[in-house]
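For reference, the chain that follows is the form predicted on its own, supplied as C-alpha cells.
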Amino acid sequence: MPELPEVEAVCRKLRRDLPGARIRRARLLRAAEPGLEKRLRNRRIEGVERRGKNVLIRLEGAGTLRVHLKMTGNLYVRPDGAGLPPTARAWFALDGGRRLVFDDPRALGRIELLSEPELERLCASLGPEPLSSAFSPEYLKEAARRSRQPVKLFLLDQGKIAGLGNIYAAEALHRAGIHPRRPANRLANQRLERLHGAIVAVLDLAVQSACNAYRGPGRYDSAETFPVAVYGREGLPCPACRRPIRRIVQAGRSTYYCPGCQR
C-alpha cells in the first residue's frame, strides 16, 4: 500500500509535470459525483501538494482535486498516444498531448473535488507531518501519554501522525527496539525520543528510496535502496540479532517484529 514515502514520490513527479497544465477533458471510469467531469473541463492546474497519504491537485479558481491511492493506486503522466492500462480508473487529457492517468487495479482509490472548507476539514483531521517541525519529540510524548493503544496501532492513527503506515511503523519500532504491543502511554520519555528519531530516520531513507525507484505499489527495481529489517520477513533472521522475525495480527493487519531486539 502506498504510504507517505511512495505518495511523496508520486507528488514529486507530478510537481515536475503538472503545474501550468490545463485539463481539456476528464473521464472517470467509476462512479463519481454527478457533473464532476464537466466541472474539471478546462481547469488549469496550479500546483500539487501532499497531506498525509492524500495527493492534492490545486486547480485555478475554487477547488482542489483530492486523490487517495488506497491499496494499489498510482497516478502519473504519459503521452496521449501511449494507450491506457486496463486497470485505469480515470484519465485527464491535458494540453500538450499528455494524459494524467489514475491506475488502480483493485479499484479502491478515491477521487473527489473538494471546496476550500472541505479541504480545511480534511487537513485538520490529520496529525502533523512526521518530517515537519510540528512533529517534535515533545509532540510525540504528549500524544502517546494520552493513548492506551498498543504503540503500533497508535502510530497508524492518521489523526496522530499523518502518512505513517504499516510498513514504516514496523520498521521504526524495530529500529527503536520497542515491542509493537507495548501500550503507548507506558513508554518512558527516553524510549519515545528514540522512537521519534527512528520514525524520522526511516522515513528519510524511504522517501529517498521511493523517489529513486517507485513505479507503483509492489513494483520496485534495482534502484530501490530502503533496508527492510522486519516487514514481510517472517521466519527470516533479524539483521541485528539473527533471531527469527515473528508476525502477529493487530487490528486485522500483519505486524512484523524481532522478539530479541524489541521489548
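Treat the numbers as computed from the prediction; the structure is a model and nothing was measured. For every residue, the number given is its place in the sequence shown, counted from 1.
Below: the form predicted together with the DNA, not depicted.
Exactly one residue in Met71, Leu113, Leu131, Leu119 has a non-hydrogen atom within 4.5 Å of the DNA in the predicted bound form; which is it? Result of the distance check: Met71.
Using heavy atoms only and a 4.5 Å cut-off, determine which of Arg22, Arg253, Arg246, Lys13 is in contact with the DNA in the predicted bound form. By the 4.5 Å heavy-atom cutoff, the listed residue in contact is Arg253.
Where, among 93 to 101, 161 to 169, 132 to 140, 73 to 81, do residues come within 4.5 Å of the DNA in the predicted bound form by heavy atom distance? This holds for exactly one stretch, 161 to 169.
Contact flag, Arg186 vs the DNA in the predicted bound form, heavy atom cut 4.5 Å: Although the DNA is absent here, Arg186 would stay clear of it in the predicted bound form, with no heavy atoms inside 4.5 Å.
Interface membership of Glu6, the DNA in the predicted bound form, 4.5 Å heavy atom rule: Within the cut-off, so yes.
Would Phe226 count as a contact of the DNA in the predicted bound form, using a 4.5 angstroms cut-off between non-hydrogen atoms? The answer is no: Phe226 has no heavy atom within 4.5 Å of the DNA.
Using 4.5 Å between non-hydrogen atoms, is Pro85 touching the DNA in the predicted bound form? Taking the distances in the predicted bound form, the answer for Pro85 is no, it never comes within 4.5 Å of the DNA.
Is the DNA in the predicted bound form close enough to Arg30, Leu108 and Arg148 that every residue in that trio has a heavy atom within 4.5 angstroms of it? Every residue of the spot touches the DNA in the predicted bound form.
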